[in-house]
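Only one chain is included here, represented as structure tokens and corresponding to the form predicted on its own.
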């Protein structure tokens, strides 16, 4: 599993870092930590466009943990 912590970064950094992680680790689950609704929506949209399943968990302090599972997993 790969974890990316992009809390504190504004868009497009969370999307860019998530895209790089998807390209570098195409068959692994990726967890992305974000702190804004906009970042959550943009990362989720990117993952869905790559056919990943997306599961969002809200954590303490209105932050989000986004679990991205590659196609077929």
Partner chain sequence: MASNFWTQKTWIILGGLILGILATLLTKWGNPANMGICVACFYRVITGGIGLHRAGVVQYIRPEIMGFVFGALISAFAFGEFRPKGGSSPIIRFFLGAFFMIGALVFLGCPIRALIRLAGGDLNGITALLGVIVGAAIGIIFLKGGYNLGRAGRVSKIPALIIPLIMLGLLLLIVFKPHFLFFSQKGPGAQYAPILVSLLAGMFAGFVAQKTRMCFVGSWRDIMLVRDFYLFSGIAAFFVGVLVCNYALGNFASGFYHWGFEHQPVSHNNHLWNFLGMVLAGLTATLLGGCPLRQTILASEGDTDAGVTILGLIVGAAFAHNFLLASSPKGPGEFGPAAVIIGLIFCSVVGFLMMEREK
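Predicted model only: the values in this text are computed from it and were never measured. Positions refer to the first chain, counted from 1.
The same protein also has a form predicted together with the partner chain, omitted here; what follows describes it.
A.B. asks: Under a 4.5 Å heavy atom criterion, is residue 71 part of the interface with the partner chain in the predicted complex?
C.D. replies: So residue 71 does not count as contacting the partner chain.
A.B. asks: Is residue 17 one of the residues lying within 4.5 Å of the partner chain in the predicted complex, judged by heavy atom distances?
C.D. replies: Answer yes; at least one heavy atom of residue 17 falls within 4.5 Å of the partner chain in the predicted complex.
A.B. asks: Answer with yes or no whether residue 29 is in contact with the partner chain in the predicted complex, where contact means some heavy atom within 4.5 Å.
C.D. replies: So residue 29 does not count as contacting the partner chain.
A.B. asks: Verify the contact flag for residue 24: yes if a non-hydrogen atom of it lies within 4.5 Å of a non-hydrogen atom of the partner chain in the predicted complex, no if not.
C.D. replies: Flag for residue 24 set to yes.
A.B. asks: Of 1-19, which residues get within 4.5 Å of the partner chain in the predicted complex if you count heavy atoms?
C.D. replies: Heavy-atom contacts within 4.5 Å come from 5, 6, 7, 8, 9, 11, 12, 13, 15, 16, 17, 19.
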